[in-house]
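A single chain comes next, written as structure tokens; it is the form predicted alone.
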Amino acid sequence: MNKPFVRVHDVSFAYDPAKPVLSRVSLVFDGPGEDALLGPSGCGKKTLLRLCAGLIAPTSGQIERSPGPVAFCFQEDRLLPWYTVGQNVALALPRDVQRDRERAARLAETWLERVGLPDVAHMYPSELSGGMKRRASLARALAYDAPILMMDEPFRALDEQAHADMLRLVRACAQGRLLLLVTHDERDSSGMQAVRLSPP
């Protein structure tokens, strides 16, 4: 399998032409590896992550990414309210696995157990607390088998212990993959390649 990578070439981006968010940024993320995007609010961390994922297009410049899918964990939980928590996680599993409903349900439950939610697969997102929704979203993102894993402040709404537990899990699941992590917490970047952005 080819090594996962994201290459950012002289990229600028602005929602409003008078207020650029990013200005002529060039970076290379080569995987497998772990990269943390750090910087003050308004420096463009989230925008850069979305650009790298292909969710938005740069105003100028170019982004290259290795072929293959990308797993993305948004800052918002984005759980589908009409599906159970287990069904939400199962959506990230391969199509052939999804067709076997019993197998998909077992794998979804396994991922929920890994994030500390062993008994919620039958529940709906509206029945979960904010921290539980966050962990369910993490389970769904980690269940998606992609060579690149992008995460936008994935530990928001978690208490200190859950934060530490989920960070360990994410790093374990990122082995052999390229991890791009947006965070405000310097502790999250320990042992990672830190990329510090500043406002343009």
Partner chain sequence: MTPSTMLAKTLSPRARLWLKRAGVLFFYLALWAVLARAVDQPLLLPSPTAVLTRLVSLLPTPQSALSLLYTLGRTLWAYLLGIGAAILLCAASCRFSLADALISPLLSAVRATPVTSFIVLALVWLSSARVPVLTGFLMTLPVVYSALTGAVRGIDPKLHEMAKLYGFGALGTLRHVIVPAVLPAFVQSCLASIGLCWKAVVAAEVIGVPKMAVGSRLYESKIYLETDSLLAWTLTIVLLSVALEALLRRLARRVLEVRHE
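Residue numbers count along the first chain shown, from 1. Worth saying up front: this structure is predicted, and the values here are computed from it rather than measured.
Heads up, the form predicted together with its partner chain isn't pictured, but that's what we're talking about next.
**Q** Does residue 132 reach its partner chain in the predicted complex, with heavy atoms at most 4.5 Å apart?
**A** No, residue 132 stays farther than 4.5 Å from its partner chain in the predicted complex.
**Q** Though only this chain appears here, would residue 76 touch its partner chain in the predicted complex if you measure heavy atom gaps against 4.5 Å?
**A** Flag for residue 76 set to yes.
**Q** Answer with yes or no whether residue 45 is in contact with its partner chain in the predicted complex, where contact means some heavy atom within 4.5 Å.
**A** Flag for residue 45 set to no.
**Q** With the partner left out of view, is residue 55 within 4.5 angstroms of its partner chain in the predicted complex by any non-hydrogen atom?
**A** Result yes; residue 55 sits at the interface with its partner chain in the predicted complex.
**Q** Would you confirm whether the three residues 87, 101 and 124 all fall within 4.5 Å of its partner chain in the predicted complex, going by non-hydrogen atoms?
**A** Per the other structure, all of 87, 101 and 124 touch its partner chain.
**Q** Only one of 158, 38, 70, 27 has a non-hydrogen atom within 4.5 angstroms of its partner chain in the predicted complex; which is it?
**A** Here the answer is residue option 70.
**Q** Heavy atoms within 4.5 Å of its partner chain in the predicted complex is the criterion; list the residues of 87-102 that meet it.
**A** Stretch hits, in order: 87, 91, 92, 95, 101.
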